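The chain that follows stands alone, in the form predicted alone, written as structure tokens.
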């Protein structure tokens, strides 16, 4: 029997499960190398943690590992129901809340290693967390893609720690009642991107689709479809970072100016940015949100359980 220790939280409605014990031995070295070992040798662990019957399609997992840089508070590898995430904004906020819950960090500034770079996180006494994300940028502007049964859809391709296709003012109202229709629309867009071989830099797959529209309560409301066809319940930290990069590229948001990004549930993140040193088109985004710890316990994996490694999709 194997036992995995975890802490669950949600950030603006989006759940994170942080594995604090019982994870696979990945050795030392850079996080991208340890991520590759996890993918190659221990993918059953990922599935067991986040997939049914112990998890759900919407759950994001976060495996705590020793950081390569001793100045960092932790290293973390993010994953979901179908694979692995380079960076996760809501998940990083959840990791910081979890570390605080466990008494491992106090209010102040902390550094967290991820496979795509080190992020800075400021934990405030009231529980709010501001993460300074990895460098983000718009890769392509106003890209046209022919979507089956929809027609031509235009959007920007941008990096915010994951690759996004950002569509402004979609033909559907961004409400929770429309989630099924929004999911099918966004999934059709993603399939069309793959079919037409529209990618991020270096041929990277665009695995997130972000739909945005103005709202009276915030600067924008979004609907973000994640790789496993589950929508983000939060305003999406990496998606907000990608949005800020596009706004900055268009001159619609100045450095330091706050952008209030609402998610599909009506919860919000506050985002701003500074320019990367020496760059004219790359930004360093900051995202502020709050996570709440919801559970702490153990996942039990019996050797005779037919779904010991989860129900794989």
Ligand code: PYC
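Everything numeric in this text was worked out from a predicted model, so none of it was measured. Positions refer to the first chain, counted from 1.
Separately, the form predicted in complex with pyrrole-2-carboxylate exists; it is not shown, and the next lines address it.
Student: Site status for pyrrole-2-carboxylate after superposition of its pose in the predicted complex: open, or blocked by 3 or more ligand atoms within 2.4 Å of backbone or C-beta atoms?
Tutor: Open, since after superposition no atom of the placed ligand lies within 2.4 Å of the backbone or C-beta atoms.
Student: Taking pyrrole-2-carboxylate as it sits in the predicted complex, is residue 210 near enough to touch it, meaning that at least one heavy atom pair lies within 4.5 angstroms?
Tutor: Contact check for residue 210: no, nothing within 4.5 Å of pyrrole-2-carboxylate in the predicted complex.
Student: Evaluate residue 94 for contact with pyrrole-2-carboxylate in the predicted complex, applying a 4.5 angstroms cut-off between non-hydrogen atoms, and reply yes or no.
Tutor: Residue 94 lies outside the contact set for pyrrole-2-carboxylate.
Student: Check whether residue 192 has any heavy atom within 4.5 Å of a heavy atom of pyrrole-2-carboxylate in the predicted complex, and answer yes or no.
Tutor: It does not: once pyrrole-2-carboxylate is placed as it appears in the predicted complex, residue 192 has no heavy atom within 4.5 Å of it.
Student: According to a 4.5 angstroms non-hydrogen atom cut-off, is residue 90 in contact with pyrrole-2-carboxylate in the predicted complex?
Tutor: Contact with pyrrole-2-carboxylate, yes.
Student: Considering 119, 226, 158, 76, which brings a non-hydrogen atom within 4.5 Å of pyrrole-2-carboxylate in the predicted complex?
Tutor: It is 226.
Student: Taking 4.5 Å between heavy atoms as the contact cutoff, choose which of 162, 114, 81, 136 touches pyrrole-2-carboxylate in the predicted complex.
Tutor: Selected residue: 162.
Student: Based on heavy atom distances of at most 4.5 Å to pyrrole-2-carboxylate in the predicted complex, which listed stretch, 180-188, 81-89, 96-104, 167-175, is the contact stretch?
Tutor: Answer to the contact question: 81-89.
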